[in-house]
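This text opens with one protein chain seen in two forms, each one given by itself as structure tokens under the names structure 1 and structure 2.
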Structure 1
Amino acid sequence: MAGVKLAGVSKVFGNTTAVARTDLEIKDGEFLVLVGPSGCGKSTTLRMIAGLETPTEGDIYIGDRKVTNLEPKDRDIAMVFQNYALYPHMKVFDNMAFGLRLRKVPRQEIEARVKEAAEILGIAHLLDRFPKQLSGGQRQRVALGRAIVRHPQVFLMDEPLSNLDAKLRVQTRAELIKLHQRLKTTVIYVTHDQTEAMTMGTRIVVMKDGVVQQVGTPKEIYNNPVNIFVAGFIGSPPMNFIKGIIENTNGKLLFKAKGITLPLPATDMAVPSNTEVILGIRPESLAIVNGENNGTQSISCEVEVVENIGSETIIHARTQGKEEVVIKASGFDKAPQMGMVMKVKASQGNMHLFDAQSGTCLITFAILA
């Protein structure tokens, strides 16, 4: 087992920069998730660590070894591909044993390791089949098994669950988490699904256009996104953004937008008056105001769509400034009707002020209920 370090690594294809200069340190035993929209350079980063792509500049270390110029076979890593990439002409057993045989592991040990991995993954009864005789979920397990038996320093996984149906994906996700707790091997995991990132990662790297936006634990990234991109990408449904300006009277901040006047908690940070900002607040931080609460802190908006998914209700509403606001409430109770005008207020969690131009987060406030 070992950690992984990227030092000033970048990758340029022709005139597209797939990955801009990146420094990243992955600790031994960590489950690191690379997440971001399609084309942001996640796979390229992973493939550079695997040795399937040569960095344009920078160096890669696995443990203490500099591996930048090593072939994939000499890096002691195992990789799970999005399309499984099983060897079609070999039975499941041989697929899993292949890497061990190449490394001249004794026959008995190969059998023992394959058996063990097959037991863990519940594919012991499939060892005698060819890949084409397996279902998608089973192939996925074989691909995982092929990586596990190797006992590598690092697991690299490129969207390994994206070809599974929703239910199987959730199930396999849980199994992967268990597996990681059991093996304690470093995992670098690529996904474009923020839920996967949040649930699996001990730390998350959010990328956009080849540039790392933020690195942190799921909690840090959820609670303190550094910019509007991260804030909008992590969390489901995504964070609400309302454009407005700041009014600063002797250090007391007031957020103003059409139909909204929101006093903000005290802060040390000096934001000059008339600064254009975007207020960010998560759907789960908003609550519907009941009865005749006419406090200035509430936002009035008109209900457009109500989605009820059992445990929770997602309400899409529109402010007077015609900005969409999504509210996540629990249960069926008191669900408002379409067309109704209601008032909502920030009730828990955090509120964020982003610079309207650069998108960087200026201040994060804890909401005092």
Structure 2
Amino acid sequence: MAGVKLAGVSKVFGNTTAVARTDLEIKDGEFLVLVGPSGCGKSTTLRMIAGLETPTEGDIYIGDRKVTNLEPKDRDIAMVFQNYALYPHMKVFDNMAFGLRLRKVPRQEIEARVKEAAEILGIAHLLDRFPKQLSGGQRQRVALGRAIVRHPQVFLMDEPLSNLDAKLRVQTRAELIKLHQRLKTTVIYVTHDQTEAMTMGTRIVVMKDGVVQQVGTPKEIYNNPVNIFVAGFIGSPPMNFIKGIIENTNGKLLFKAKGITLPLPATDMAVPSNTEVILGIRPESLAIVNGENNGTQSISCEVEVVENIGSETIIHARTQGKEEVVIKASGFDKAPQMGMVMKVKASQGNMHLFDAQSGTCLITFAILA
């Protein structure tokens, strides 16, 4: 096992910067997830670590070795791709053993490694089958097995669950988490799915337009996003954003927007009056006010869509200022009807003030219900 370090690494294609200068250290045994929308540079970063792309500048280290100019085969890594890349004419055993045979590993050791990996992944009964006889989930486990038998220092995974259906994706996600806990090997995992990132990662790297926006644990990124992009990308449904201004009277802050006046907790941070800001509140931090008159502490909005999804109800509403607000409530009981005007208030979690121009988070407040 080994950690991975990127020191000033960037990648430029012609006039396009795919990955801006990046410094990143992945700890030994960590499960690090690179997440972001298509074109953010996450796969290019992974390909540079793998040796499939050469950095324009900077160096890459695996353990104590500088591998910037080494071939992929010499980096002691194993990759798992979105497409399983299995040989259709080979049985499962031979697919898993192929890389070891190329490295002239003794036959007895090959058999032991393949059987061990097959047992770990629950595919020991499939070793005599061809890929066409397997389901998508079974093929993905074979691809994982082919990587495991290598005993690499680092696993690199490029959206390995994208081709699976929703139920199988959840199941395989849990298997990967258990596999990492068992093997304790460093994993660098690329995905555009923020749910995968939040559930699997020891730490998350959020990227946009080739630039790392924030690095932290799932909890840190969820509770304290550094800017509007991270706040909106991480979380489902996404965070609510309401444009307005701040009134500051001797440190007492009021957030004002059309039809909304919200008192905010006192702060020592200097926020001048009439500063244009964007208030961020997560859907689960809002609660429906049932028949109470909360004055300036509540937000009046009109219900547009109600989504009943079993244990939760997702309510889409619109404020007097035409800002969309999403509320996540429990169950079906007393769900509002479309067209109904209701009031909601911040009841738990955090509120965030973002600079309206730069999108940077100015202050994070704990909501005091």
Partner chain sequence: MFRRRFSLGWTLSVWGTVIVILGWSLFPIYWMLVTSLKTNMDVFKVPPDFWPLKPTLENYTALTTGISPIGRFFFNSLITALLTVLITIVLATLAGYALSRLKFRFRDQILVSVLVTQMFPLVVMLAPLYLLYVKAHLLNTYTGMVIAFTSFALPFGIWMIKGFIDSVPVEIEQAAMVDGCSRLKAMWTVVLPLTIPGIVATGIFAFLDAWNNLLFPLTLTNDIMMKTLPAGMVLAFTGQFKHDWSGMMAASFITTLPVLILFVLLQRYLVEGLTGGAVKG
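FYI, numbering is relative to structure 1, first residue = 1. Between two forms, the rigid core is defined as the largest C-alpha subset superposing within 1.5 Å. All values derive from a computational prediction rather than experimental measurement.
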property	result
Selected structure - criterion: the form predicted in complex with its partner chain	1
Exceeds or equals 2 Å, Cα of M90 between structure 1 and structure 2, core fit	yes
Per-residue C-alpha change between structure 1 and structure 2, K104, threshold 2 Å, rigid core fit	yes
